[in-house]
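This document starts with one chain, in the form predicted alone, laid out as structure tokens.
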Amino acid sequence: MSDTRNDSSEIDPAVRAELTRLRESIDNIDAAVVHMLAERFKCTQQVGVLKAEHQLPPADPAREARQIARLRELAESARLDPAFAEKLLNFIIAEVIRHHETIADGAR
């Protein structure tokens, strides 16, 4: 027996319209996230250059810990899983540190 719910021609037009509306919103949000991350990395690149110019270490564990705590609080207030938010920020921080190390290596 086949499941006709997977056949898009069998989906109620109102449901299809709602799915389309929601997916368009998701696509817009994804685009905004990518643009926001690009802006964030432009700033962190400048931080990396400044750190390299002044022989500062690529990582700042105290700042990172403050940022993680802050993001966890923001996530909770936004009803987003704080553990997910922390994982995301840790991924971003690791990438930023990698960029800062590359910048520092180029400044030597």
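Given the structure is predicted, the values throughout are model-derived calculations rather than measurements. Residue positions are given as counts along the sequence shown, with the first one as 1.
Omitted from view is the form predicted together with a small molecule, to which the following refers.
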| item | value |
| --- | --- |
| Arg63, Arg70, Lys42, His35 - the one with a heavy atom within 4.5 Å of the small molecule in the predicted complex | Arg63 |
| 4.5 Å heavy atom contact, Ala59 to the small molecule in the predicted complex | yes |
| In the predicted complex, Ala52 touching the small molecule (heavy atom, 4.5 Å) | no |
| Proximity of Ala75 to the small molecule in the predicted complex, heavy atoms at 4.5 Å | no |
| Ile93, heavy atom within 4.5 angstroms of the small molecule in the predicted complex | yes |
